[in-house]
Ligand code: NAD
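Here's a solo chain for you in structure tokens, the form predicted on its own.
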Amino acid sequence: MSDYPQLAMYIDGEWVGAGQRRVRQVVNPATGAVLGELPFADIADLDRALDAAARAFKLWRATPAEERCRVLKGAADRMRQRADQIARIATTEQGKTFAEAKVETMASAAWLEFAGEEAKRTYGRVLVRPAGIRHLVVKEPIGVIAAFSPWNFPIGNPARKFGGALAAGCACILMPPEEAPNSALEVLRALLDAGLPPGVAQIVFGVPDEVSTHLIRSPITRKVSFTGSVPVGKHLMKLAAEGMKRTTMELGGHAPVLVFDDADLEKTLGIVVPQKFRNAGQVCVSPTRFYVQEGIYDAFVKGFTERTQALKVGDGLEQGIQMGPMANPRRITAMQTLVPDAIKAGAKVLAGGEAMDGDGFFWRPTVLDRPPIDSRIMNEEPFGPVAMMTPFATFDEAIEQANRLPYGLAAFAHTNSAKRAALVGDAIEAGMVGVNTNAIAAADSPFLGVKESGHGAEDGPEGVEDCMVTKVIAQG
């Protein structure tokens, strides 16, 4: 991509380049070509960002809600206007198809816009007391937020982190992924162009443990927002606990899909196959464990496999491509570990099962039949383009398998029975449940998990409220 933007950090109102700092190469996962060199922050950079955030917070929290709304909605408008440019950057550095990246850009704009409107709705309440006495319950911005976002949604995750924080009146220091940095910078540019004051939102890059430890341990930071793996989330929570800092954790998942024998087979396949291989399966809510009722198992697996084999895999910028590469070579290594382990344990490969030849980090869309329950891939989030098929007999058996793991981010079910749909929604342990749909995320709806998939929420009113603290003011 000849017009790939120059890489820099944004600290205290200044674009900060490499200079004498450490750098990391950013590569195109479809070709392996180097796109640019990303500067890594040193401790002085982080301290400067913290100091700037502390100063900016005092001003931003006092900024009227209408002005915060104007900035966020203005950023949303700019993202829509620049959607093709932003999507092309995301595809080039992360790998997902251009169509998926454009959808992500438009969704990100919607999140910013909703957060802006929600800035005007952070209500408190007045409690009933005798005459002359007032007890007020008010919401206030929590302070400076240290946020960390992963590479799988390089536009959407930064928009979520900034949206809730800025709507609440907080300042935010974001460390986006080093694999896909310019996508996050485009979100920030939209905010700045819409009039966001310097220091309210900043972006730094660096060695993850070094940056996270320094930001979280600083007394300036009052909240930590993290999207990523369960082990890293637990580590950051321990750091945050040292300062009694609030955390929002959107961690890993291993989403079950329950397909009952009364489901519309063709309609269900039309939903779940594209959903499974969206972003090469590198989605925290990606369906992975398919539990299919015995009566339709063979027909469902046959249809799923045929559609999987027909997928066009390649560079996401090319016309007609339905699945791009994995975002980095670590995901190929993970596939080369989990898939052979499942095969050795007794799973049958119905499609894919191997890396593709040539440049880039490509893995063939994979379908595994009946992997044993104790195989690693049935217990560890694969985060890749692999679907596991298992038959079940009864409703209770399906629910038991769906809830078996410690994860509880997303789950899906397909049935034409209204009663069964209601029972599934009640019985499944997950923050989000989709019944006959994969559309579980929306700007006005909280995005959240339970159990080891995390706590707190992003998006919706809850995403803004999670960036606020409650205060009681008693007047006698």
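For every residue, the number given is its place in the sequence shown, counted from 1. Keep in mind that what you see is a predicted model, and the values were worked out from it rather than measured.
Omitted here: the form predicted together with this ligand. The next part is about that form.
- Interface residue remark: Phe205 is not counted as part of the site for this ligand in the predicted bound form, having no heavy atom within 4.5 Å.
- In the predicted bound form, this ligand lies within 4.5 Å of some heavy atom of His235.
- Although the partner is absent here, Leu251 is a contact residue: one of its heavy atoms lies within 4.5 angstroms of this ligand in the predicted bound form.
- Although the partner is absent here, Thr105 is not a contact residue: none of its heavy atoms lies within 4.5 angstroms of this ligand in the predicted bound form.
- The partner is absent here; in the predicted bound form, the one residue of Glu381, Glu100, Asp315, Glu113 having a heavy atom within 4.5 Å of this ligand is Glu381.
- Among Arg78, Arg364, Arg331, His214, the residue placing a heavy atom within 4.5 Å of this ligand in the predicted bound form is Arg331.
- Taken together, Phe148, Asn152 and Met175 are fully in contact with this ligand in the predicted bound form: each brings a heavy atom within 4.5 Å.
- With this ligand omitted here, the record of contacts in the predicted bound form names 323-331 of 347-355, 323-331, 292-300, 166-174, defined by a heavy atom within 4.5 Å.
- Residues of 276-296 that come within 4.5 Å of this ligand in the predicted bound form, judged by any heavy atom, reduce to Cys284 alone.
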